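Next up is one chain by itself, shown in structure tokens, the form predicted alone.
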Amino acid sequence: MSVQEYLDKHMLSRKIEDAVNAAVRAKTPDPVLFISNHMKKAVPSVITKVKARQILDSRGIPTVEVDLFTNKGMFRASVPSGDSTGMYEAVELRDGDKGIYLGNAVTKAVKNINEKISEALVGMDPTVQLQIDQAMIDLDKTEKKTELGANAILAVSIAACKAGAAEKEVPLYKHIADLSGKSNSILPVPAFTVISGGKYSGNSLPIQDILILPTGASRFEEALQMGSETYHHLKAVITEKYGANGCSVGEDGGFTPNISSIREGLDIVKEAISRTGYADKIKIGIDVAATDFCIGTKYDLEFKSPNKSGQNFKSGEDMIQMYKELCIDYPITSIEDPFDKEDWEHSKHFCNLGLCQVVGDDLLMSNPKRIERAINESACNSLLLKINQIGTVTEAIEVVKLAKEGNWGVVVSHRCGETDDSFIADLAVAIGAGQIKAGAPCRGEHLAKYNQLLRIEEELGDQAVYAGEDWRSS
């Protein structure tokens, strides 16, 4: 399109004249700035350019970052990645050349954005998120986004969402709420990682995480304070019991003391909570990640121990009994992935006991078909939403609706390979998730999300509502 054709199409000559007249009427001291702002509002915004690059995530592993340009400016997004990917989730595209970043480079995904996705999206209205995401899905033509890469598609989807909010001149969470049909914004209860174990830590704790949930706080700001204070009290408890070496942290920021049993970990967390004076306001959650130590139909709770006793090789029924006892002895309100991702029978049995929230992560992988099955079979009652497992903002909103229709809770989650992008904070507020899991209250990539929630709460003012005790029904 030539310059003259563009001017004619958007009737810019008339709009410039209107802007000048408006500046004269307003008697503005800065007519150039006034006319510039007037024109920005007068001319519909379109996507003019999409530029991607390879950056490093919090683990020093490559990921995708996108700058999406419209008439209103530049909007940046970067995507996270997990340590492991499941067979039911969207596929992130990596180069596979072991000589460069050990095979983890994402230059193919970057090239797909710069050469294919950019061409398809330039000229589109950034507010039409559904059409933007559908255009990329149609361009990819595969069920799990293997052609373009879910990492490429999601980065552009998030950047477009930010551009759409700017075009509407509303906060990002408000724009996402509009997209999802929600009218009320809810500040989520943070599930802070405080102890890390599982296959990625150096201790002998078999489960992946122990978390704290400040459900008794009155505001998010107070919840963050409770989380931070408990975290630092826990550091003191660990130093006293295990020495300073026990205060090393895992990828999610949780401490990794040399503990070998779940109860040992829960005891020191309970001690830290008691020191804060918030004992009646903080609940405990555990992320078991049981798939990591499931062998056949048994669960090896000593899979990390060099000297196995043989006493902790448990059946599904044994695991259910263990969880029942833990829920009696500790203020546990949420258990994530208590069984293997294909152990539907024990998941159903345990969920139907109604002891606590049962969160599906590996069981679901944010996959709509898995979610539908789990709802129908009552295999869990809460979705762990990892947006990179599904690949677009639109599809993430749709699986949340599916979960809510099943009367489930929703936990918006980060990944262990994070960036400083705070998009999931706005997403959690917008969809009324009620819960957000973004790591420990330390390290920049985690605090980017928590600090953004502080800003949103401040912006909402008297209209701010913290999920609190209603964290599952928000």
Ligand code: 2PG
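The numbering used is simple: start at 1 and walk along the sequence shown. Treat the numbers as computed from the prediction; the structure is a model and nothing was measured.
The following text describes the form predicted in complex with ligand 2PG, which does not appear among the structures shown.
For this chain, the superposed copy of ligand 2PG, brought over from its placement in the predicted complex, stays clear of the backbone and C-beta atoms by more than 2.4 Å at every atom, so the pocket is open. None of the heavy atoms of residue 238 is located within 4.5 Å of ligand 2PG in the predicted complex. Within this chain, residue 283 is remote from the site of ligand 2PG in the predicted complex, having no heavy atom within 4.5 Å. Within this chain, residue 82 lines the site of ligand 2PG in the predicted complex, having a heavy atom no more than 4.5 Å away.
Heavy atoms of residue 415 reach within 4.5 Å of ligand 2PG in the predicted complex, making it an interface residue. Between ligand 2PG and the residues 94, 341, 386, 175, the one pair within 4.5 Å by heavy atoms in the predicted complex involves 386. Proximity to ligand 2PG in the predicted complex, taken as a non-hydrogen atom within 4.5 angstroms, holds for one residue of 200, 101, 242, 330, which is 200.
Exactly one of the stretches 47-55, 60-68, 415-423, 25-33 approaches ligand 2PG in the predicted complex with heavy atoms within 4.5 Å, and it is 415-423.
Of all the residues from 418-456, the single one having a non-hydrogen atom no more than 4.5 Å from ligand 2PG in the predicted complex is 437.
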